[in-house]
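The form predicted alone is given below as one chain in structure tokens.
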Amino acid sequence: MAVVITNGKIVSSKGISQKDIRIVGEKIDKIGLNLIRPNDEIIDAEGSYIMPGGIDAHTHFDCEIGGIVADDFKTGTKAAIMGGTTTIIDFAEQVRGGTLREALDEWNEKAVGKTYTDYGYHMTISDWNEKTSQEMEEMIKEGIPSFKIFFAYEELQLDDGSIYEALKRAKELGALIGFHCENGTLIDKLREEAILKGNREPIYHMETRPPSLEKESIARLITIAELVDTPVYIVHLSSKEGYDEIKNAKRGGAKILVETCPQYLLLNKEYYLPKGEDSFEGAKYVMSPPLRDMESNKVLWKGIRNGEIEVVATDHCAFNYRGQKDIGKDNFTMIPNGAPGVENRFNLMYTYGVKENRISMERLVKIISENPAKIFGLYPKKGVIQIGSDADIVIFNPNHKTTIKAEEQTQNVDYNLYEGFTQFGKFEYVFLRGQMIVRDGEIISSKPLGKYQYRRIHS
């Protein structure tokens, strides 16, 4: 018996067509008309869009602070698939003095058998040495052809010489490295100065991480990458200043791939200001890079529309407002750094992108599904609706209207960045490799069915 989805509008990056989809087992078997056979299960998608499941290429699940974990892999991926995301790529993080293999073992312990979505890892490099260089090849054999390096955070950041060597090794292996671009050395100095002056409120998280320090590290990265002549991927771009640096470099032929996140499109630095009686509420928005100005919002939307920003991910890193964020009540440098978002990405990009004519449906599918699949070695298995691809399919009713409320979310965290935002769209069905996981906006799978995805070398 097969499943046939009929009467819906199939969306790809190339256009929208009205055809039926026949699913057999885990794969898309046929696309066309008159595909129904006796005993098939028929799903009528009239009035809905049929799209490839979303791929969130930037998550951080199972982050512990104060003995508490908000979203682990089980709750985080459950929220993801409720929001139309069927594959996530998380970050396995090497610690100083540790190995990449140890990081992979730790993340497997956290994730295996616990995910509602399919999943993979990027490997964070925080200790560059000959052993790490050798292990990069081992990680590629494990299906991890993408890595991450920080320009910020004392315990994570690498110096320029190490970055140069790591990029040379990535080029040799055909791997891709993503970069967190902020000048960590200068940020640390600005934070020290703020505390000495008695500036301890959440707003100083933003004040001590100005956009000029994102721009500076982007420029430095581009310079190093051009010396090596290899592509780089910039995670969570947040500012006009950083975008302008990238735009000019791309037009000069630089090989740069760029990601941003909904928070940098829809929120701004005003959220750090005290509101009402709760002067600490800005802590909810302590993430890095911080929120910027409204001009940056506009410029980043433009970058998505013109194709200079290829991916919209979330950087989902959930900490509870009470019991975790409030550790930094008297010192902004102690506020856990990160925020939730994996559940709302798809709806927000449809509501404030497509419905407000900032982007097309085709562009939505490209930045949410197709581009991350292509960049990170999942395409055409994922990221597209075509014969032979995994049947990772969402059926999206665009007419359903709701208001975002933390109390109604699946994310296991006590607030939502977008509380009170209107969002359009409901996931009537979500299929993961042909298995119906969500029906009528509810999880129907009795257990997590996600599988690890071996990814091929970026080309």
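The structure presented is a predicted model; accordingly, all values stated were derived computationally and were not measured. Numbers for residues come from their place in the sequence shown, where the first is 1.
Omitted here: the form predicted together with a small molecule. The next part is about that form.
Asker: Looking in the predicted bound form, any heavy atom of residue 332 within 4.5 Å of the small molecule?
Answerer: Heavy-atom contact with the small molecule at 4.5 Å: absent for residue 332.
Asker: Residue 337 versus the small molecule, in the predicted bound form: is there a non-hydrogen atom within 4.5 Å?
Answerer: Residue 337 belongs to the contact set for the small molecule.
Asker: Report whether the minimum heavy atom distance between residue 150 and the small molecule in the predicted bound form is within 4.5 Å.
Answerer: Yes - in the predicted bound form, heavy atoms of residue 150 and the small molecule come within 4.5 Å of each other.
Asker: Within 4.5 Å, heavy atoms only: does residue 320 come near the small molecule in the predicted bound form?
Answerer: Judged by the heavy-atom cut-off of 4.5 Å, residue 320 is well away from the small molecule in the predicted bound form.
Asker: Have a look at 24-32, 394-402, 56-64, 408-416 and name the one stretch with heavy atoms inside 4.5 Å of the small molecule in the predicted bound form.
Answerer: Checking each option against the 4.5 Å cut-off leaves 56-64.
Asker: Ok, 288, 126, 296, 132: which has a heavy atom sitting within 4.5 Å of the small molecule in the predicted bound form?
Answerer: Selected residue: 288.
Asker: Pick from 74, 247, 374, 236: which residue has any heavy atom within 4.5 angstroms of the small molecule in the predicted bound form?
Answerer: None of the others qualify; the residue that does is 236.
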